[in-house]
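Two forms, one protein chain; C-alpha cells for each follow separately as structure 1 and structure 2.
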Structure 1
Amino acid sequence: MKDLLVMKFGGTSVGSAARMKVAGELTAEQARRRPTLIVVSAMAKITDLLLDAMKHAEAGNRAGLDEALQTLRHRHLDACRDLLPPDRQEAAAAEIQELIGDFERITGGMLMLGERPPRSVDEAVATGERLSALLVSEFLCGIGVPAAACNAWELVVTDSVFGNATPLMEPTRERCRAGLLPLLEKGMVPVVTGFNGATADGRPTTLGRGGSDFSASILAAALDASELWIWTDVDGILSADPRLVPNAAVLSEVTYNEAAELAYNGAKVLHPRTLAPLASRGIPVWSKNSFAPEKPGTRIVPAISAKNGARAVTSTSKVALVSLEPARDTLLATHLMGRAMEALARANVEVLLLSSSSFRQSFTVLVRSEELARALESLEATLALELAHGYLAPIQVDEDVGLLAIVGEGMRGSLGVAGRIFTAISKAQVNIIAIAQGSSELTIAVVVRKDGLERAVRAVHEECRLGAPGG
C-alpha cells in the first residue's frame, strides 16, 4: 500500500482518557491525509498490574488478586466514561467487562492450580493492550474516523518462546496483508494491539517487555509502510536518559545502528529489536513526543554524514556478570567458551558483553538479570561433568554491576574517545570491571560497580560534551 503511515503510542501516550484523546486526534490528523495504522500499548502501569495480579494468583493471594482486578476495572471504566460520547459508553463498557472477565477466568485457574504457565501468562497479559485498542478505536469512531480494534495474535506469527517470542516474518506478512489491507483500503484505521502475537497454531505469545515498539516495526515491515512514528513521553532519542542526566539533548538524527546499540544497551526509549525489521527495508522511523507533538523529534535513518566522536551514553543496572574459569590448564578455554555459548544460546540468553583473559583462560559474560537464572541452569547442565570433576571452578556470579555504553558512528577510528571515557569514569571514582569495544566500532561498553553507574554516566556525558549543540 502506497504512503502507509504506521504510528505507535506508548503506555504514557495512552495512559488516561486525556492522553487517549490526544493520541486519537494525532491519528485522525494523519488518517485524513494518508492510510494510517496505529499500534497501542497498554495504559501506563497496566502491564505491571496484570503481571502482579498473576503472581498473586499463583501465590494463592485472593485478596491481592481481587484488588488488582478492581484497579484494572476502575482505570478502564473511568477512561471509557471520560473519553467516549454517551451513546458509545454502554457497549464499550460491556466489552471492557468481557475482556476483564477473560483475564479473571485465566487468573482464577492460576489461583486454583497455584501455577502460572507461561502460555497462559502471555494470553492474559495481552489484556492490557486489548483494552486500550478497544478504547482508542471507539474514540476514533466517535469523532468520525472509521477504525477497528485488531488483536495482533491474529496477525503476528511468532515462535513459541513465551514471554520473548520472535516473529516469523513470512507468515506474518501474509496474515497482515490479508487482515489489514482490506481495512486500510476501505479508509479505516486499524488499531492493533502492541506486545502480543501467537504461534502458527494459535498459542498466544508476547514479544518481551516494552515490545509494542517491536510490534509496530513488524507491522510496518510486513505492510511495506513508508514511515513509522513512535510516540512516547520525551522529545525523541536523547544524548542520555533525561532521568539521569537533566541536560541531555535531543539528537535530531541517529542511524539505525546507533539507535539499535542504544536500545540494546539499556535506552528504554526503544525496544532493542525494533530496528531489525526496518533496517533492511530502509523504512524511516521517527521518535516523537505525544506531549509536545509540534517538536520535530528524532529521525532514525540508514546513514548520516559522519560526525566525530561519541553521540550518546546509555546504561542499565539490570545485568549480571557470569565468570567461568578452568581450574586446570588441561581444559582448552576456546572449547569451553564454545560450549558455554551454545548452552546460553539454547536457553535463549543474550550475551551483552564478553571478555576473556588468555593467561588465566577465564572468561566472563554479561547477561540481563531476568535471564540469569536460565543462563546458570543451562551452563550448569551443559558443563556438569567439568564442574563435578573439578576441571572448572564453580561458576561465579556478580550482580553488583551495571553496564554503560557510549555510542556513535563517528567513534569509528577516532582516536582519544576511549581515553576520555576511561579518564572521566575514573575521575568520578568509579571502578571499571570490564571493557569491550564492539566489533562494529560503534560502541564502547564498560561494566562498572552498580553504585557508581549513574555517576559514571553523568561524568561521560559531561566529558564527551554529549549534550552540547551540534552533537
Structure 2
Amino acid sequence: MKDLLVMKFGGTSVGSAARMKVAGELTAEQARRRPTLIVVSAMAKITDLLLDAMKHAEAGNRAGLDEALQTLRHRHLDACRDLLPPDRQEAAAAEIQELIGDFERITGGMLMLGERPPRSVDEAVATGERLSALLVSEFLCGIGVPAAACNAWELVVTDSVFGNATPLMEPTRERCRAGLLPLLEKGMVPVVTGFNGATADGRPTTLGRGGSDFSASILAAALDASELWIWTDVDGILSADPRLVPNAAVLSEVTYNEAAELAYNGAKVLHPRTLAPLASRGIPVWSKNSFAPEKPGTRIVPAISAKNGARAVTSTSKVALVSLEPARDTLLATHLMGRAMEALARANVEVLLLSSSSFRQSFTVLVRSEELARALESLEATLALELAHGYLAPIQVDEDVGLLAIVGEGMRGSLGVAGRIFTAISKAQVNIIAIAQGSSELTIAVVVRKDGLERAVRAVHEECRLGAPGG
C-alpha cells in the first residue's frame, strides 16, 4: 500500500485516558492524510501488574491475586469512563470485563496448579495490550475515525520460544496482508496489540519486554510501510542519559546500526531488535515524543554522511559479571567457552560483553541482572561434572559493576578515539574492569565499578564533545 504510516505508542503514551486521547488525536491527524496503522503498548505499569498477579497465583496467594485483578479493572474502567463518550462506554466496559475475565480464568488455573506454564504466561500477559487496543480504537471511532482493534496473535507468526519469540517473516507477511490490507483499503485504522504474536498453530507468544517496538517494525516491514514513527516520552535519541549528563543533546539523525547498539547496551528509546526487520527494506524510523509532538525527534536511517567519531554514550547498572576459570591445565579453555556459550544460549541469556585471558585461560561474560539467575542455573547444570571434580574453579559473580558503551559509525578508522575514552575515564578516577570492541569498531564497551559509572559517562561525554554542535 502506497504511503502507509505505522506508528507505535509506548506505555507512557497510552498510560492514562488523557494520554490515550493525545495518541488518538495524533493518529487521527495522520489518518486524514494517508493510510495509517498503529501499534499500542499496555498502559504504563500494567504489564508489571499482570506479572505480579501471576506470581501471586503461582504462590497460592488468592488475596494478592484478587487485589491485582481489582486494580486492573479499576484502571481500565476508569479510563473507559474518562476517555469515551457516554454512548460508547457500556459496550466498551463489557469488552473490558470480558478480557479481564479471560485473564482471571488463566490465573485461576495457575492458582490451582501452583505454577506458571510459559505458554499460559504469554497468553495472559498480552492482556494489557489488548485492553489498550480496545480503548484507543473505541476513542478513534468516537471522534469519527473508523478503527478496529486487532490482536497480533492473528497476524505475527513466531517460533515457540515463549517469553522471547522470534518472528517468522514470510508467514507473518501473508497474514498481515490478508488481515490488515482490507481494513486499510476501507479507510480504517487498525489498532494492533504490541508485544505479542502466536506460533503457526496458534499458541500465543510474546516478543520479550519492550517488544511493542519490535511488533511495530515487524508490521511495517510486512506491509512495506513508507515510515515508522515510535512515540515515547523523550525527545528522541540523545547523546547520553540526561539524568546523568545535563547537556545531553538530541541527535537529529542516526544509523540503524548506531540505534541498535545504543538500545542493546542500555538506551531505553528502542527495543534492541526493533530495526532488524526494517534493514532489508530501508524503511526510515522516527523516534518522537508524544508529550511534545512539535519537536522533530530523531530520524533513524540505513546510513548517514556525517563521520564524526563517537556519537553517543549509554550505560546500565543492571548487569553482572560471570567469570569462569579452569582449575587444571587439562581443561581446554576454548572448549569450556564454547560449552558455556551454548548453555547461555539455551537459557535465552544475552551476552553483553565477553573478555578473556590468554595466560590464565579464564574468561568473563557480562549479562543482564534479570537474566543472572537462569544464566547461573544453566551454566552450573552444563558444567556440573567439571565443577564437581575440580577441573573448573567455582563460578564467580560480581554484581557491583556497570556497563557504558560508546557508539558511533564514525569511530571506524578514527585514530586515538579509544585512547581518549580510556584516558577520560581514568581522569575521572574510575577503574576499568573489562573492555570489548567488535571488529566493526562501531562500539567500545567498558565495564567499571557501579559507583564510578556516572562519573565515567560524564567524562566520556565531555571528552568526545557529544553534546556540542559537530560533536
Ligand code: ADP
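Note that the coordinates shown come from a computational prediction; the quantities given were computed from them, not determined experimentally. Rigid core (definition): largest C-alpha set, two forms, superposition within 1.5 Å. Please note that residue numbering is based on structure 1, beginning with 1 at the start of its sequence.
Only structure 2 comes from the form predicted alone. With the core superposed, residue 291 shows a C-alpha displacement below 2 Å between structure 1 and structure 2. Core-superposed comparison between structure 1 and structure 2: CA of residue 183 displaced by less than 2 Å.
Residue 253 shows a C-alpha shift below 2 Å between structure 1 and structure 2 [criterion: core-superposed Cα displacement of 2 Å]. Shown is the Cα shift of residue 389 between structure 1 and structure 2 after rigid core superposition, which amounts to 4.4 Å.
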